[in-house]
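Take a look at this single chain, the form predicted alone, given in structure tokens.
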């Protein structure tokens, strides 16, 4: 009697497992396969975005942005939507990365320059140079829900790690505006130098920027909202990524456009120091590191290519043709 009861119980459990397995298979069948790691490059003079396999370095596709002067990129956290600014059109292109096509175009303002997603991916902030404003775009219904006055010629944009502040570089005012993301008000402006452009959140939680009109980079501490470090790296610095050389790092890798090189900057407390200079091509601009921090991808404006180098040996391991005047490079997380 006891054995019969056990057998019945096991049968019920097996049937339940089969039913759960069938349900799981059903759900998986309707789930799109994850995208392979990809690199996206904005080609300003081609009005396109190049899609490159991050592992084989082969071009997968070239996407028409359906606007003019494609300049900056921001990728959604799940990698399915890519947002691209278009300087000449003043519009934000929204690209479906699975279909690899532009699915929406939103006018944000004259000469929209850069785009950054809020930490929850709920909104895209777009800097409009010609109007001295930031447009806030709802990423669910793709409409503008607000505008912020920030300063003359906003060209760089990023958020603090906790999302409480946005940082906007104003090339005309030579400063960085700190915006409270709750009140949408500028609470402070920080003088930083000549013609500030690119801004990014560093792995140390601080804000890193480049003065493209000068020859230096700088660091802002969100805890004090002050500039705490600066360093001359060479003429016309553009963008910054962070990676490792063996056990050393994270280091800042800066594209120095006027010297056709990447400057490697070590970080210790608030002291910065250039320890290496790597030739990478003609007029390098966009730069990114892979998630492991072992490879750097650099877009070169004049030679129209993406070069990949190993940070351990500083050797170029790939050179992939892209469109004309590649400006910005981003990578999916998958």
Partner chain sequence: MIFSGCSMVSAAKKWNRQYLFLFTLLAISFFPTIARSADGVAVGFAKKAVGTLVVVRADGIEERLSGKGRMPLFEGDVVRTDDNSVALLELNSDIQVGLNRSTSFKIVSRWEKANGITRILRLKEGMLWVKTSGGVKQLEVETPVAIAVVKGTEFIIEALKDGTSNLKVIEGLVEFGTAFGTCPIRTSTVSHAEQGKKCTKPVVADVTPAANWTAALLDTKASKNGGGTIAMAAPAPPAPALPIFWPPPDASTHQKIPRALLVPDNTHAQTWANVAARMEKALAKNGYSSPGYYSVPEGFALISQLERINPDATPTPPNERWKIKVDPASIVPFNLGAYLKALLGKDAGYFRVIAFVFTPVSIVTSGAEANIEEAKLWVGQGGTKLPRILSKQLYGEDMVATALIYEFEIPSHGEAARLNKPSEHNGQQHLKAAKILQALGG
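Just so you know, these numbers come straight off a predicted model, no measurement behind them. Residue numbers count along the first chain shown, from 1.
Unshown form predicted together with the partner chain; subsequent notes refer to it.
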- Can you pick the stretch from 193 to 201, 145 to 153, 220 to 228, 76 to 84 whose heavy atoms fall within 4.5 Å of the partner chain in the model of the complex? 145 to 153
- Item | Contact of residue 232 with the partner chain in the model of the complex (heavy atom, 4.5 Å) | no
- Query: With a 4.5 Å heavy atom cut-off, would you call residue 187 a contact of the partner chain in the model of the complex?
  - Reply: no
- Is residue 162 a contact residue for the partner chain in the model of the complex, using a 4.5 Å heavy atom cut-off? no
- Message: Would you classify residue 105 as touching the partner chain in the model of the complex, given a 4.5 Å non-hydrogen atom cut-off?
- Response: yes
- Item | Residues of stretch 51 to 79 in contact with the partner chain in the model of the complex (4.5 Å, non-hydrogen atom) | 64, 66, 67, 68
